[in-house]
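Okay, here we've got a single chain as structure tokens, the form predicted alone, with questions on binding and movement later.
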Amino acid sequence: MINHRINTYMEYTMYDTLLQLPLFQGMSKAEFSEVIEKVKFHFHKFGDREVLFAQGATCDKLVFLLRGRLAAETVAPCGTFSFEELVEWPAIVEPHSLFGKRPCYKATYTAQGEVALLTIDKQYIYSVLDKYEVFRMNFFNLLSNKAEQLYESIWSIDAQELEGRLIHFIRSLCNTRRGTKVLRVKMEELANLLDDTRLNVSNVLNKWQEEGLVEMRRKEFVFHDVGSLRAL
């Protein structure tokens, strides 16, 4: 009797937790109970500054952030700059990287404080989870939203002044408009990327710093509210 109560409590606790995650929202209790019976859930804890996944490592599981936050840093293929943003819970880590020609992580994920993860092996997407329409539609919506974001990023650029090009460059690197973003690059390299002079780029960034839009550090530019750049 006691074990039954414990199992029931754990089931409902897990149900409430999973309901906060993008792929399980809308799933009924009956469907959830079936999922628990058929799918193996793996829980992990990480300490501050631990690296969870490295850029380029194979992505072979669904990864859900249950508690805490991650710093996701992507280094450009050319190696001249990198871009970091925070991933806040509840979130799913790179579901779009599970499939395709190169199923690997596009960023390195580092714990910011204590972090709790739930992972599900990729095989269960085919064998179990694909049978549930709610899960399937949620997964398709995630992939579609990512595709739409990339499409808008490509086609939103036009013949802009330097300030507009810089805004487009920063926003095109973002996976989300929320949270702090850190662009790590030398001023000279940034000017080359924008096809302009170092002086002009420096003038724009110094203007933004005076307006509280960016915090300039040595080889780093910190944006605490990328959404505010839209107003420019």
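Because the structure is a prediction, the values reported are computed rather than measured. Start at 1 and count along the sequence shown; that's the residue number.
Just so you know, the form predicted in complex with another copy of the chain exists too; it's not on screen, but the next bit is about it.
**Prompt:** Looking at another copy of the chain in the predicted bound form, do all three of Phe46, Asp121 and Asp225 come within 4.5 Å of it through at least one heavy atom?
**Reply:** So, no: the whole triplet misses another copy of the chain.
**Message:** Between Ile125, Ala91, Ala116, Ala71, only one gets a heavy atom within 4.5 angstroms of another copy of the chain in the predicted bound form; which residue is that?
**Reply:** The residue in contact is Ile125.
**Asked** Any idea which of 203 to 211, 28 to 36, 63 to 71, 188 to 196 reaches within 4.5 Å of another copy of the chain in the predicted bound form, heavy atoms considered?
**Response** After filtering at 4.5 Å, what remains is 188 to 196.
**Item:** Partner contact for Arg165 in the predicted bound form: another copy of the chain, 4.5 angstroms, heavy atom
**Value:** Yes, Arg165 lies within 4.5 Å of another copy of the chain in the predicted bound form.
**Prompt:** How about Leu173: is it within 4.5 Å of another copy of the chain in the predicted bound form, going by heavy atoms?
**Reply:** Because a heavy atom of Leu173 falls inside 4.5 Å of another copy of the chain in the predicted bound form, the answer is yes.
**Message:** If you apply a 4.5 angstroms heavy atom cut-off, which residues in 108 to 146 are near another copy of the chain in the predicted bound form?
**Reply:** Stretch hits, in order: Ile125, Tyr126, Asp130, Lys131, Glu133, Arg136, Met137, Phe139, Phe140, Asn141, Leu143, Ser144, Asn145, Lys146.
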